[in-house]
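Here are two versions of the same chain, shown separately as structure tokens and labelled structure 1 and structure 2.
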Structure 1
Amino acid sequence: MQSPEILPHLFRNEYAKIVSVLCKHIGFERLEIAEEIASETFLTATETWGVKGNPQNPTAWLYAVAKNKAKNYLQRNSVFQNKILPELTKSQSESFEPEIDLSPENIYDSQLRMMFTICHPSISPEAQVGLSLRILCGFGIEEISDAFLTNKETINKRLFRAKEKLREEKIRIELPESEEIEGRLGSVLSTIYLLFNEGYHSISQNKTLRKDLCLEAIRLCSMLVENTVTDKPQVYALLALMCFHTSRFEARQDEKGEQILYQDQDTNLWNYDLIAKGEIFLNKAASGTMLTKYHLEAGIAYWHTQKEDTKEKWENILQLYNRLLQLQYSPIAALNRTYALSKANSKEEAIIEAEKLNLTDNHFYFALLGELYLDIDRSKSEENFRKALSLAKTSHDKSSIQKKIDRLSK
């Protein structure tokens, strides 16, 4: 393949793999060296491939170069030669040759361990997401700052501090003990979920990048279900949830990047393959007795993949929201629950419940009331849409509310 587009993708994937494998080998303290070796590998690749064309097997080529660079580093590094190597030779075989294992099994194992290292509770969730994007997904600093809508400097500082902290805490690259796994898994899952939301809900204009974030989150979560230590029901639930959401990725935006509301989406654009996968994962999530917010959210997302606007669908969504809110309150869930209530019970009941929510600084709150009053009291509907308009921040939100008002005054 001569196409230039192969490079960024290949680099991203392989960068992440090489860094994790090297780190498992030389220790998390030398993360920077692992990153440097990986970067140098790609620099060499760009130079060589630019002249000679892409090799037959680019991945194998990259691994061979990375291995050589790593060996060179290890051999000329005096600390390694004088301190670490003697230790390693003592405990292992007589003739120690630093062998860098880039087999698929070791790559998988290294990345899984790295996931638990990076998602350690000692650093902030934001830093966990940033480090995951860099080290587990191989995203460039520019891409990460684009996703977070900030500048490269901020991201660089954030990642640097997070790495320092992990080093200070002497976090080792390993899977936690089985009694520790539930707790640590929670932290890994919430990072994956944040990473996913960063892609799914970000207002960044870069659609390809946003979709990549979603797919990366799915990939990381898939790695967890492939391991018998980490394939817990809540992991399947999160995976199902992300599949269901991503199935609508293409349908929820028009060419101009404006969001298309759920009820207006072209269902032909839904990805039915992902929906089917989501269903399989949701079934697997149903084992055991644990009920997490991922289970409830996956259930809600499942019902949203059902096109028909049935009473059953909205009744199920309502009950799932009822339980989700008891588990964890959020204004958005409260508003969505009230919308489901209007569909399952009645608009009149939903208006009474909506007014109790009192989320008067939230434009979605007034937009919901505007929607609920639509067929009941037009002037109240308009009044609420106008309040929503005055609170809306993005130009996209403003224009979609304006459209509602325009339709009302016709």
Structure 2
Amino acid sequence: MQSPEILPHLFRNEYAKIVSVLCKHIGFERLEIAEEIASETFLTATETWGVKGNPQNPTAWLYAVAKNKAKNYLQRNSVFQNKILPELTKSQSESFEPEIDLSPENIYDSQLRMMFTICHPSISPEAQVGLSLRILCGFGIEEISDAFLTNKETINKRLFRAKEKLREEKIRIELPESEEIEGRLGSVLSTIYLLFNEGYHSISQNKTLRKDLCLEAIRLCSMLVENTVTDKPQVYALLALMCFHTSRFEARQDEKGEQILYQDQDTNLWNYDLIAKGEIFLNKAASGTMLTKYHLEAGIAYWHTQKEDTKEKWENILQLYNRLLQLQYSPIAALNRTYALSKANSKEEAIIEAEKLNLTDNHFYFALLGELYLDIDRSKSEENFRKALSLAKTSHDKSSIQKKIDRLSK
């Protein structure tokens, strides 16, 4: 891979690691300096590799340059001279040279600490997801604004305010104490869950699915289960949920990027290795007595990975939805429940329950009604599909719905 191709790949993978390690070393209050050093490192790579070609070990080259730039900053910075150096010289020799540790162990530890820092409950969930995309996943401002369907200026302001808030609160880059882990873990999992859903139900970049966002969410959650302090049942439940959903990615959209409904998916395209991993994580999530929405959603997603279209399957899904709505009501979960109801009981019963929801600003609501009415009342089916078409946001969704209308018109 040559420099034009390899640098974007390395930026996505290494930028966030460098920023996290530097922030752990110099403090979150100097986040912008860490980002500047990381950005300058990639700028130097662009200039140097363009002339001399790629180094033998590009990642090691980036780490070496980042280390040198960080050392230069620390050595010339007045903060270093006035505050850090006097403290350090108490215990070290006169020829002090700051050590920037970019070992795999320290990168992992730095990113885990950073995750808890930027998912602090003092800032909004939207800001937490935005900072996660920027600092933990290496996304550009334009990519983040695409994900949130807004402009770059809004995202810049949102991230700036979030950083200022974290500085004002003097949030340190560290793992919470063991007695605080359970409480703080909730915010971290919510951020990862939102990040995954942003990719799984994407309407940004005119795509119905953004795998890059989903895979980043899985990577962050995997970091949590690898640590003995954070490998809690609810973390395993969320990871299981994401594995089950991800296992059907290839079957969920066609070659044009249009969504394929569950009942029309080619099960040969499902990833059975990921399904097996999800089952392992779901079993680990069952330890203890805690029951979260992640457990119930993982259970629902598990049954959707079972190929056989049995009554038992849909009754289990229906019961899990019932418990989910009791635990934490959501109109979308209630809408999804009606599909399970149609499979477990009847379409007529499902239509009655769906129409009670009256989600008239949601194209999925009308699309589902269109499907439910298909074999009962074709004119009502078409009427609902047309309403869904008027509300659909992506070209792929519009195309998929239009095809259903065309088939009904024949």
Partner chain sequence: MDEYLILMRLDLLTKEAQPSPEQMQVYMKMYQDWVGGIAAQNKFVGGTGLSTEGKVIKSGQIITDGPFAETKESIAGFITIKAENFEEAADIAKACPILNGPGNSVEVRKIVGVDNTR
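From a predicted model like this one, the values you see are computed outputs, not experimental measurements. We call the rigid core the largest set of C-alpha positions that still match within 1.5 Å between the two forms. Numbering for residues begins at 1 and runs along the sequence of structure 1.
The second of the two standalone chains is derived from the form predicted alone. In the core-superposed comparison between the two structures, residue 18 has its Cα shifted by less than 2 Å. Here residue 356 exhibits a Cα shift of 4.6 Å between the two structures, evaluated on the superposed rigid core. Once the two forms are overlaid on the core, residue 346 shows a Cα shift of 3.6 Å between the two structures.
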